[in-house]
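There is one chain below, alone, in structure tokens, taken in the form predicted on its own.
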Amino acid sequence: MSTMQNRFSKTLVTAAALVAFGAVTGCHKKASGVDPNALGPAPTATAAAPTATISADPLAIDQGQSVVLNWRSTNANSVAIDGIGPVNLNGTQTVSPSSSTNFHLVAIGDGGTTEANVRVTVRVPVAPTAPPTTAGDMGSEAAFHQNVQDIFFDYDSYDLRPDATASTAQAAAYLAAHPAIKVIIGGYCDDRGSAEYNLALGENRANAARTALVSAGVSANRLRVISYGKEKQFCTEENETCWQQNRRAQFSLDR
């Protein structure tokens, strides 16, 4: 074969090889290409839900006292408390509720809504009430004598002394609280003087005590008067101390 023919053959082989290589590389580029539109929209991040807490210190107070509210939140755009209104996302506030109250907090964020609650108990003082007095309450005899005490008089007198006035005021208060009680008022004298004179003096002393009780508000129909004069002596010695014991108006339950 001539030299010219050999060169022509080599040229043909080289051209065929280049065509084959171009075809292979062209097919590879076409197969590896990705269309971004075929993948769809990129996923978006989900917003976190808000969190919220609220506390009170102390949880129980007496009426008129104060309590401190303390609240915290995360991932929230706004926070509000019922009865207070919008507040900072985190904060404290002193309040003085007049009655037991439930403080309700609402936190709102991009991820939703969260609620929190705290209850404050308010102790309201209750005025004490006196036990009811029944119409038939007679009380005990010991309580009667403790509150309705005998009164004493000076010699040959039926005028009430200051100590007797104070005693009848205390007696009237007790009898007003026990309307079922009726009273016998006995008038007594010491043993000096005649029996007739002392009967009259004893009656005057009993009536003086009765008048004092009526003036203090005790109904007259609850009081009965009797005079013993000098017939019933509490003490029999002949001295002023003993005579003073016998000059009295004595109060007894009228059963």
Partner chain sequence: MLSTNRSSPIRHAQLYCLGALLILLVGVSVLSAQDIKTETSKGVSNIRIAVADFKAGSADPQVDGLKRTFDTTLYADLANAGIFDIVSKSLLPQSTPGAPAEMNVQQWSAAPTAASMVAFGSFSIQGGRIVCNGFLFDAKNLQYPQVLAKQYSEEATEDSARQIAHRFADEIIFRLSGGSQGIAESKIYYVKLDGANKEIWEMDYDGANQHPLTHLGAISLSPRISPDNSRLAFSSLGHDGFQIRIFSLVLGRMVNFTGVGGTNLSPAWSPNGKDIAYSSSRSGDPEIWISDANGSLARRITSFRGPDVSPVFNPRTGSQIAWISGRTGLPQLYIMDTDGSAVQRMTDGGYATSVSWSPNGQFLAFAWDRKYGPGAPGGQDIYIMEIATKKWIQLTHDGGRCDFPSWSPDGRHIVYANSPDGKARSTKIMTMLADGTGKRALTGPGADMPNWSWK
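Positions refer to the first chain, counted from 1. This structure is a prediction, so every number in the text was calculated from the model and none was measured.
In what follows, reference is made to the form predicted in complex with its partner chain, a form of this protein that is not presented.
> Would residue 204 show up as a contact with its partner chain in the predicted complex if we use heavy atoms at 4.5 Å?
Answer yes; at least one heavy atom of residue 204 falls within 4.5 Å of its partner chain in the predicted complex.
> So in the predicted complex, does any heavy atom of residue 57 sit within 4.5 Å of its partner chain?
So residue 57 does not count as contacting its partner chain.
> Answer with yes or no whether residue 226 is in contact with its partner chain in the predicted complex, where contact means some heavy atom within 4.5 Å.
Judged by the heavy-atom cut-off of 4.5 Å, residue 226 is in contact with its partner chain in the predicted complex.
> Answer yes if any heavy atom of residue 159 is within 4.5 Å of a heavy atom of its partner chain in the predicted complex; otherwise answer no.
Contact with its partner chain, yes.
> Using heavy atoms only and a 4.5 Å cut-off, determine which of 195, 68, 220, 48 is in contact with its partner chain in the predicted complex.
The option sitting close enough to the partner is 195.
> Which of 173-181, 148-156, 96-104, 111-119 has heavy atoms within 4.5 Å of its partner chain in the predicted complex?
Going through the listed ranges, the match is 148-156.
> Using a 4.5 Å heavy atom cutoff, which residues in 81-117 contact its partner chain in the predicted complex? It's fine if the answer is none.
None of them.
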